[in-house]
Ligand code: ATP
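Presented as C-alpha cells, the chain that follows is alone, the form predicted on its own.
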Amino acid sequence: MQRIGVLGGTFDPIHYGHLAIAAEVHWALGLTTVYLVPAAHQPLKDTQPRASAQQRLEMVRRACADNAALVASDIELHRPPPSYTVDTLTDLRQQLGVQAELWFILGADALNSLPRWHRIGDLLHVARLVAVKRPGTAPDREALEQTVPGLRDRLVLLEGPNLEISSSLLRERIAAGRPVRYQLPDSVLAYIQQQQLYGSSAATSE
C-alpha cells in the first residue's frame, strides 16, 4: 500500500518552510510521495491570494522540480471554490486509482480550528492527520478529542524543522526590494521576477 502525504496551502509564494515540512513528514512517516496542493480558495481565510491560482501552481511546480518525492497537484483548481479539504482528499484518492493510505499535513496551530472544518468526521475516515509542531506548542490531545471525536486515534504529532519563514513577510520584502534569496528556491524567485508578482521588478535579484 502506498503512503501518500498531502500538504495544502495558499503557497503565495511557496518557500523553504513549506518544503522543509514536506520533506520532514516524508522522511518521518516513510511516505511514498507528498502532494503539494495550492488552494483555489480557503474557506477559513478572509484574504484572497495575491498571485493567481495558475501562478501559484507554477511556483509549486518549480519548487518541487528537483525532488521526485514532492509533486505539485492542481486538483483543487479544477473545482469551483471553496476548497474543502475533505473533497480534495476524496478526489485525490479516486484520482490515484490505487490503494493508498492518505496523510493530511497541517501545522499544529491549526488543530484548534478543526471543529470548524467542513465534514471533519468524514475527513478523518478518508485520511489520517499529521500535525507539525513548533517550539513552545503542546496541543492538548484530550481536549481536541472532546471537540473532534475520533481525532486521537487518527492524529500523529511531529516536531517540525522550525524554519521561521512567512509568505506574507516574503511578499512585503519583495515589494520593498529587500533580499529574499535563501528563503525560497531560486527558480521560484526567478518566476516572481518574470511575472512581476508582489510589486517585484527585474532589479530585485537577491
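C-alpha atoms forming the largest set that superposes within 1.5 Å between two forms make up the rigid core. All values derive from a computational prediction rather than experimental measurement. All residue numbers refer to positions in the sequence shown, first residue = 1.
Here the subject shifts to the form predicted in complex with the named molecule, a form of this protein not shown in this document.
Asks: Decide whether A100 counts as a contact residue for the named molecule in the predicted complex under a heavy atom distance cut-off of 4.5 Å.
Replies: Result no; A100 lies far from the named molecule in the predicted complex.
Asks: Within 4.5 Å, heavy atoms only: does L77 come near the named molecule in the predicted complex?
Replies: No, L77 is distant from the partner.
Asks: Heavy atom to heavy atom, is R134 within 4.5 Å of the named molecule in the predicted complex?
Replies: Taking the distances in the predicted complex, the answer for R134 is yes, it comes within 4.5 Å of the named molecule.
Asks: Is there a heavy atom of L189 no more than 4.5 Å from a heavy atom of the named molecule in the predicted complex?
Replies: Close contact is absent here: in the predicted complex, L189 is far from the named molecule, nothing within 4.5 Å, heavy atoms only.
Asks: Identify whether the named molecule in the predicted complex is within 4.5 Å of every residue in the set Q2, L70 and Q95, based on non-hydrogen atoms.
Replies: The answer is no: none of the three residues contacts the partner (heavy atom, 4.5 Å cut-off).
Asks: Please determine, with the chain shown alone, which of 159 to 167, 173 to 181, 57 to 65, 26 to 34 has non-hydrogen atoms within 4.5 Å of the named molecule in the predicted complex.
Replies: Going by heavy atoms within 4.5 Å, the stretch is 159 to 167.
Asks: Suppose contact means any heavy atom within 4.5 Å; which members of 1 to 40 contact the named molecule in the predicted complex?
Replies: Heavy-atom contacts within 4.5 Å come from L7, G8, G9, T10, F11, H15, G17, H18, I21.
Asks: Inspect the rigid-core superposition and answer whether the C-alpha of I105 shifts by 2 angstroms or more between this form and the one not shown.
Replies: Not so; I105 is displaced by less than 2 Å.
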